[in-house]
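So this one's two forms of a single chain, laid out as structure tokens and tagged structure 1 and structure 2.
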Structure 1
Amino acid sequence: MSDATPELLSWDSRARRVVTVYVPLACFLLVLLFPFYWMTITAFKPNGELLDYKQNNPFWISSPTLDNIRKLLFDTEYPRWLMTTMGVAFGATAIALVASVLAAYAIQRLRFKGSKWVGLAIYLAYLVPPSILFIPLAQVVFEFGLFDSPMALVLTYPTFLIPFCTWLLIGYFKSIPYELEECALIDGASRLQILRRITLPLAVPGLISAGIFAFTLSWNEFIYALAFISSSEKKTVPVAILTELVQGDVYQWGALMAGALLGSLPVAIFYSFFVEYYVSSLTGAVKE
């Protein structure tokens, strides 16, 4: 009896682990990945299979085709939409990172009176819904002659990118020992030299995390791109897919899913290169 007890305990431990860890994880992965699976199989399905689920399995492809992707790339302005989206995302991310680094360093390291309240106010600005901000921003865009120009998006996206990136970098700068900067100040280094040669090299994971966040939000943003861009060839991917591939009540599902699939690949590739830095930076940002 005593020999069987360890086996029973081991089986009970494995069963508990399956119930408490693997089953919830499997359910989470199913819910998370199923939309991407559906998007992928729809992008490669012919119209006959898409419109007739009585004779075709909705969860599988009987006759894969590249017609949807071919139509998207050669019969629409999708390559131009993709380049415009990429240019806007990189431009807005660069502006947001530069402004956020300077703001976060000033709030965390210069320690001026009321710096904590300034940091809180910057973060609260992130909570303002874009659906409220785009109305006054539209007037500014018109007055500067930027309407129907990708530059309007590059200059307006930082209004919601900078607050969160600043808050994230403030938390990460807290994890960097201040004694390093004190030693540099004693040696005669200026604040800009300290920022460039000491703080930023140590804050690379935080910068990558903020950059991923800003790039993803810029890539997927919809309201500003819909309000400030009217020309078909200048639209970003999220807006163009909806407005150009939906004609009245006719939804070109194959092309729509192909556009969504191709549009999500750059972000997925971007994440895959920097996921370790992203996780480590979040750990440093929340650590007090």
Structure 2
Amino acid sequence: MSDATPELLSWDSRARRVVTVYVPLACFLLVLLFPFYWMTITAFKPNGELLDYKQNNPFWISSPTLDNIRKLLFDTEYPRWLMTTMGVAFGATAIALVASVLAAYAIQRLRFKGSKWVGLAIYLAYLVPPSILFIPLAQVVFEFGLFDSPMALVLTYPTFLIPFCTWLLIGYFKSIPYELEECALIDGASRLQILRRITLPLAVPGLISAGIFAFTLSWNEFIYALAFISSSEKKTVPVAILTELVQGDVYQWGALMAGALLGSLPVAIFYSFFVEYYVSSLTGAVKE
């Protein structure tokens, strides 16, 4: 009796742990991942199966098909939209990174009078959401003659990328010992040489984090792309799927889901390579 008690206790605590930790966690994972599963399975279902739950188990595909993907790739301008989105995302990320590195270096390392205020102003810029800016910005884009051009997106996306990247990089620069730069200064290196040869190589993890973040944010952007681009072939993937594939009353769910899946894949792949950077930059930025 007495030696059964600890065993009972440990079994009891294990059961308790299953109920309080593993079951809720499994439910969370199920709910968070289900839409992706559903998206994937719909993308590979033939139309007959898609709209008939009585004959087929909706959770599985009995005869998978690539029809939806084929239709998407060859009957629509999907590859073109994908290329545009890719170009815009890389362009905006490059501009944002260059501008943020320089700004963060000036604010954190050159320490001029009022650098704190410039930092605060850039932080405040992050708090201005695109949804209050897009109407006047449409006007500005129109004045610059950039309306209906992907260039408009490349130039406007940095407005929400720069504040975030700058703050992230300020945090990284702060972690690099200032003594290294002082040594180089005494050795006669110019400021730009120091930035290029010493600070930047040491801040590579920060640059990667900022780059991934900027890339995913530009890939996901919607409202500017919706407001500034009107011709079909210049649209980005999220906008094009919603405005070009959704037409009439009969929705092509298979093609829609295939489009959503293919549109999410590049970010997901990109993300999976750099998960650790991504998580650390997300949490770092919040803690900053």
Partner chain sequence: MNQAEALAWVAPRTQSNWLQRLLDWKPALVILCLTPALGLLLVFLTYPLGLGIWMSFTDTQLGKPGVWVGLENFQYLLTDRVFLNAVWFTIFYTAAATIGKFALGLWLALLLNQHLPFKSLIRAIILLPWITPTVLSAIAFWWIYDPQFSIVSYVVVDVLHWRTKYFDFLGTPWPARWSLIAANVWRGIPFVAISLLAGLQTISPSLYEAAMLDGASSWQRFRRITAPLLMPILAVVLTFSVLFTFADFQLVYAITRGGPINSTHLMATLAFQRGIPGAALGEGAAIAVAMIPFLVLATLFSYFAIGNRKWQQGGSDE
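Please read all numbers here as calculations on a predicted model, not as lab measurements. Numbering for residues begins at 1 and runs along the sequence of structure 1. Heads up, when I say rigid core I mean the largest set of C-alphas that superpose within 1.5 Å between the two forms.
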property: Displayed copy of the chain that is the form predicted alone; result: 1
property: Shift in Å of the Val23 Cα between structures 1 and 2 [rigid core superposition]; result: 4.8
